[in-house]
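As a starting point, one isolated chain is supplied in structure tokens, in the form predicted alone.
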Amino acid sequence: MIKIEEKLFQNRYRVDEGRPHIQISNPQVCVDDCKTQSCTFVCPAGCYVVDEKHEVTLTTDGCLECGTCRVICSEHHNVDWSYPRGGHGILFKFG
């Protein structure tokens, strides 16, 4: 059985240097107001990571552009998300 990591590895990502398509609006909201920090375990690409200070770090490289983080953060609306510019972002190998 193929692991999800192996499938994700087959996709490619073209980074738009200096223009991330997704950002955390106010990182302090993640620390002070968001108790579950759900983005850190629902993102299928693992783009969100929480550290020992409960700060959430976002790495957009590898984002699948699925929008899960926008949906899960509907209480705080703390994710600024837009589609990447043409030619940038996820490049799916099989579709």
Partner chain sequence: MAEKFDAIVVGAGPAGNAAAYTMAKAGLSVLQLERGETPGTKNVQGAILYADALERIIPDFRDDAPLERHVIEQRMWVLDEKSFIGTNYRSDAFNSDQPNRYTILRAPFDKWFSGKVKEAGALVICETTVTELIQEGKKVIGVRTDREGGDIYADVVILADGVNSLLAKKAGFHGELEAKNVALAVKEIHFLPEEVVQSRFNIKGNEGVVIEIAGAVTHGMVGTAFLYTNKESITLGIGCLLSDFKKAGIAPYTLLEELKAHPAIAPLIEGGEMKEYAAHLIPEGGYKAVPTLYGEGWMIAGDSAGLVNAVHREGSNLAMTSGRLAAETVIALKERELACTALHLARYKTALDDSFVMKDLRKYKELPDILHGNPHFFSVYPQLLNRAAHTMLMVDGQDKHSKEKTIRGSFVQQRSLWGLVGDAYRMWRATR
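Residue numbers count along the first chain shown, from 1. Not measured: the values here are computed from a predicted model. Under this definition, the rigid core comprises the largest set of C-alpha atoms superposing within 1.5 Å between the forms.
Separately, the form predicted together with the partner chain exists; it is not shown, and the next lines address it.
Annotated contacts: 64, 75 and 93 all touch the partner chain in the predicted complex [non-hydrogen atom within 4.5 angstroms]. In the predicted complex, residue 68 approaches the partner chain with a heavy atom inside 4.5 Å. Contact between residue 58 and the partner chain in the predicted complex is not found at the 4.5 Å heavy atom cutoff. Proximity of residue 50 to the partner chain in the predicted complex falls outside the 4.5 Å heavy atom cutoff. When the partner chain is considered in the predicted complex, residue 42 lines it closely, a heavy atom lying within 4.5 Å. Residues of 78 to 92 lying near the partner chain in the predicted complex, listed in sequence order, are 81, 82, 83, 84, 85, 86, 87, 88, 89, 90, 91, 92, the criterion being any heavy atom within 4.5 Å. Once both forms are fitted on their core, a CA shift of 2 Å or more is seen for residue 9 between the shown form and the other one.
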